[in-house]
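A single chain comes next, written as structure tokens; it is the form predicted alone.
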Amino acid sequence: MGRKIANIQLSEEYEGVLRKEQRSFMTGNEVVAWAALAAKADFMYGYPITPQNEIMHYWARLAPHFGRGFLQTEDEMSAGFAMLGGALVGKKTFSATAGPGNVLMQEPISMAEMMRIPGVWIIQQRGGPSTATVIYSQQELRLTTTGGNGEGLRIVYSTASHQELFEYTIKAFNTAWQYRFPTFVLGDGYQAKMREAVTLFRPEARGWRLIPAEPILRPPGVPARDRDPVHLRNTFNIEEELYDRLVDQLAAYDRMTAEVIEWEAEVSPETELLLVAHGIVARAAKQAQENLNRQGKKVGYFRPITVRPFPGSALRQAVAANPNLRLLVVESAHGQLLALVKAELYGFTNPLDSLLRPGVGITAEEIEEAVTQHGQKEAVS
């Protein structure tokens, strides 16, 4: 017995997502729900907010067929804390939110950072500040990477396609439960709502090992006899206690960084201009690079996939190889990615331009036009 949802045959007795790879055409929010199933997520906690709502709706339809759970809480803050409770007892938990919901969830996220409680958040960015547009932006980069009170000890994957939404959602669960830092998939309103072809698959069929969730609060064994007692702490009485704790946390984060950091780069010693973009804007940047190269222009491409931790050493290496290299940072925000790039390139003297369109999509043609305009200015000067 089974039931069809979105052209995919569900089997109630089958514990995985798919028996074999399947090509489908669906929205990004639907892709996230299938990815969470593929990652063997146990429970979603959430509260409605556009443009991520369909993740909740679709998960709520799918979950009962696979023995998974869903709870809509009274607000985003409650959803975040409920997530942590589920993780403490050994469940793979996740949530999805956007905009003001992302703001509210920063308190439980900060708690997860301090107590090293794993969890996955899908952020489908929308415009701001406050309610503003419910459609699209890249204006939650700063909030997602370093929001909350603390040092921003989290991992953030910035996706550019539905295929990446599927694969990096799975990877986010592995990363969160392996390293026990809050982990995010940073999408956007376009990725959430548009339909695109995607290949769904079982991770095990491709040799991907899924990190299992284990109870944190009450693991097997008798405390002090079979194992060390579990001591989870989120409050400190004196400054030195907090400092000692943070030193340990920062050291663990630094050790992890080299293992999780990801980027894409196409740059050579002949490159004259380097396009820097992340997320869905990076798709336009890549297309623009290819078009400009066909015109004989020597244009390169750099895309951070992990925007936290940021692949700064890779960017510096690309720039250091050519002291005359110019950079053009492109983003649908007013300098949030640009600030990260400037921080990483402190001390470099390479010309740095930007195409900033907060809350507005950017096309390859607009990037090509910006490159041409910058080139004309260089020629005049």
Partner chain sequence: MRESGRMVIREPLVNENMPLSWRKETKPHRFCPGCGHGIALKALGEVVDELGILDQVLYGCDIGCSLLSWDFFNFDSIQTHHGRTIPVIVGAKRARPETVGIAYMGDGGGYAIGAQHLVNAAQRGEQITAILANNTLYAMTGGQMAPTTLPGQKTGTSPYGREVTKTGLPLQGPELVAAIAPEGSYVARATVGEYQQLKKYLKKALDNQIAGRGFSFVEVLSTCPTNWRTNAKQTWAFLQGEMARHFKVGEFRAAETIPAGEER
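Bear in mind the structure is a predicted one, so any value in this text is a computation, not a measurement. Numbering follows the first chain given and starts at 1.
What comes next is about the form predicted in complex with the partner chain, which does not appear here.
- Within 4.5 Å of the partner chain in the predicted bound form, a heavy atom is found for all three of 73, 82 and 111.
- In the predicted bound form, the partner chain sits within 4.5 Å of a heavy atom belonging to residue 231.
- Contact check for residue 206: no non-hydrogen atom falls within 4.5 Å of the partner chain in the predicted bound form.
- Looking at residue 107, you'd find a heavy atom of it within 4.5 angstroms of the partner chain in the predicted bound form.
- The partner chain in the predicted bound form is approached by residue 89, whose closest heavy atom lies within 4.5 angstroms of it.
- Note on the partner interface in the predicted bound form: the residue among 77, 265, 305, 213 having a heavy atom within 4.5 angstroms of the partner chain is 77.
- The candidate stretches are 314 to 322, 37 to 45, 345 to 353, 331 to 339, and the one lying within 4.5 Å of the partner chain in the predicted bound form by heavy atoms is 37 to 45.
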